[in-house]
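This document opens with one chain alone, in structure tokens, the form predicted on its own.
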């Protein structure tokens, strides 16, 4: 495993246990796969895993996710190509679980490609309602469409808009804003591949993230909810973005489910101070979850 880059080392005082965090980054990432109810029953899925010699266990907080051992090449098996499951890291499945869209509701996945969270949202909706998967990049939409077809999602429409400019004539009950980020939380993916970005780029990314979050909050209906998430540790991309949105609109930060293991969002960082309600957001660290680094904020628009 490569050395931990300085961009991550700047969080030494943020992590509740730096030694455990650093050790987790140096461990191989476990294999997690999400069962797809549109293609196979849970019983049949579990029976096949067992008969193939795969050791598995369900993960708390994400009811359809299995941590497996002995499944070589999870994207190369017949079960994958039949759409029985989708490889998806534990923390990557938490935004749809927290958003929890009701069957029959109208939902937008604002930055949807490559589609793992979109398919998960569809499963949570039991295939009922309208689910729009949006992305700006044509090549990523190709991957999105392929995954949704393989997984047999029955209620998804695909749109191609720049997220910040999504048409406001469309409104939704729920919006998932899993925004582009510097990806610090993915350091364990692929043996330590990580985009080392400078402060100037970080600030530009944060501006885009705020624009995406504000658009999501404009097009969600009164009383509806937005789930803002990133796979990075940077407060500039996490608490600072949510705090900026709170300063511009009347919003309510909702508490996250009790069965999730994480660290409350912070209220200050390098001279910046934010409202106390930011502690209702949550940071997910690898040494707590044995997964990717993630951040989630669940926001309700009063109505």
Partner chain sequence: MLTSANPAEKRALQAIYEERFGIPARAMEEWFVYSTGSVLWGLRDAPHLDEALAALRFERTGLPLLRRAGRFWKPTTVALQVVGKFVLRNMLELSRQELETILIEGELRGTRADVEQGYVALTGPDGVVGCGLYLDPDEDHNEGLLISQLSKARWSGMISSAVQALPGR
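Positions refer to the first chain, counted from 1. These numbers were taken from a predicted model, which means no experiment stands behind them.
Missing here is the form predicted together with its partner chain; even so, the following discussion is about that form.
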- Which pick from 218, 128, 140, 207 sits with a heavy atom within 4.5 Å of its partner chain in the model of the complex? 128
- Query: Looking at 110, 148, 213, 231, which is the one with a non-hydrogen atom within 4.5 Å of its partner chain in the model of the complex?
  - Reply: 148
- Counting only non-hydrogen atoms and a 4.5 angstroms cut-off, does residue 82 reach its partner chain in the model of the complex? yes
- Message: So, residue 203 and its partner chain: in the model of the complex, are they within 4.5 Å at any heavy atom pair?
- Response: no
- Message: residue 75 versus its partner chain, in the model of the complex: is there a non-hydrogen atom within 4.5 Å?
- Response: yes
- Query: According to a 4.5 angstroms non-hydrogen atom cut-off, is residue 248 in contact with its partner chain in the model of the complex?
  - Reply: no
- Thinking of 106, 155 and 170 as one candidate spot, does its partner chain come within 4.5 Å of a heavy atom in every one of them in the model of the complex? yes
- Query: Among 53-61, 25-33, 39-47, 231-239, which stretch has residues whose heavy atoms lie within 4.5 Å of its partner chain in the model of the complex?
  - Reply: 39-47
